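Only one chain comes next, encoded as structure tokens, the form predicted alone.
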């Protein structure tokens, strides 16, 4: 029988009353039962956990915000190395350094009250390190770039239990890989350093709501969205769910932060607000107020199946029609089904695909498909509903977003990393030749 006595940090095993809560993922549909969870309060705790796992031949996973859609940061019988206790933050006028357990909300709470925007995500409890290492598409990406584009350095514990740094000057190939490959492939990130954007005095929070939409209205919105996005101002990044909600019925809700005045925002979104039935709201506020308004709409947890795919070319009318119609036939037990459009372009597309591991730079937007349910008895039905519709969406898109993983991919390396997959495998061989850091869709 394996003894956990030599592990340091706070150990939680199945016999511990805290285990029931400690094993949970943000996606409550994930039901995994790790052999033990160690909450690491220091870098030495992480080093010790990796050495312990290797010595005892116990597989392990690395976890922070618990947001992996497919639960790849946990597993049955594994040791979970949880870094969420490492929450140190430092900043100056040009950069911010975050320990491995820092999440979006923590970093916004530090930098945004001082007027600094940050290219983080919209969900407050997502870990910043994992978000950025997966590329990091968020509510300011078109103006500020992806999260990984501001990443200056990563300190991580490698497979030998050594603390190493990846930057332009130190381990540059690893630095390249960490900018888009996804979390958990090469080591445990214990500190990330980001370049800060310039301060901003005022932004406009824009919200476009289209209630009671029939299929033709939803099709019209997506067609107009594509036209708008092809020539839109990069100072606005919209996320737009086209959805069915148990309480609202069929609707569309687009929202984003515009770096400018209310009047400028209204002009920038005129093509969309002119659509029939649009209820538009534009409010000038500080960047901190805007990001908090977005964060406040994110639930504490959900039960869902979801995935995100990169659009490679404008969708044809018949493709949009099919996607909308198949989404409207929602499954029993679903409280929300939707196609969510995540705008890219702008600064994201001004970096070549080979300059970082994030390959799909030229994609104009990501389309996400999701179903959310409340009762466990509907889990299988809703999961199969998403999987069956992804079969079609995969055919009209070019790749998958590693931060929105899907367990159903046949060739996940090609789907996530495109032409960068081969180079990532060579970096993996260089820095983790024995594949110590592995999970169901890790780099092989």
Ligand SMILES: Cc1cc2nc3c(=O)[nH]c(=O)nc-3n(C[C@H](O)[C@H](O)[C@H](O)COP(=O)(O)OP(=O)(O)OC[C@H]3O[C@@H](n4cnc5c(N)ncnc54)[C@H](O)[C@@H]3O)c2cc1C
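Positions refer to the first chain, counted from 1. Source: prediction; values computed, not measured.
The following text describes the form predicted in complex with the ligand, which does not appear among the structures shown.
Query raised in the report: Of 384 to 392, 23 to 31, 415 to 423, 49 to 57, which is the one stretch near the ligand in the predicted bound form, taking non-hydrogen atoms within 4.5 angstroms as near?
Result: Partner-contacting stretch among the options: 23 to 31.
Query raised in the report: Among 112, 226, 167, 122, which has at least one heavy atom within 4.5 Å of the ligand in the predicted bound form?
Result: Of the candidates 112, 226, 167, 122, 122 is the one lying within 4.5 Å of the ligand in the predicted bound form.
Query raised in the report: Taking the ligand in the predicted bound form as the reference, which of 308, 338, 256, 130 has a non-hydrogen atom within 4.5 Å?
Result: When the ligand is considered in the predicted bound form, the option within 4.5 Å is 130.
Query raised in the report: Quick one: does residue 83 come within 4.5 Å of the ligand in the predicted bound form, counting heavy atoms only?
Result: Although the ligand is absent here, residue 83 would touch it in the predicted bound form, with heavy atoms inside 4.5 Å.
**Report entry** Partner proximity in the predicted bound form: residue 73 to the ligand, non-hydrogen atom cutoff 4.5 Å
**Finding:** Result yes; residue 73 sits at the interface with the ligand in the predicted bound form.
Query raised in the report: With a 4.5 Å heavy atom cut-off, would you call residue 136 a contact of the ligand in the predicted bound form?
Result: Yes, residue 136 is a contact residue.
Query raised in the report: Any chance residue 180 has a heavy atom within 4.5 Å of the ligand in the predicted bound form?
Result: Because no heavy atom of residue 180 falls inside 4.5 Å of the ligand in the predicted bound form, the answer is no.
Query raised in the report: Listed by sequence position, which residues of 389 to 424 have a non-hydrogen atom within 4.5 angstroms of the ligand in the predicted bound form?
Result: Going through 389 to 424 in order - heavy atoms within 4.5 Å of the ligand in the predicted bound form - the hits are 401, 403, 404.
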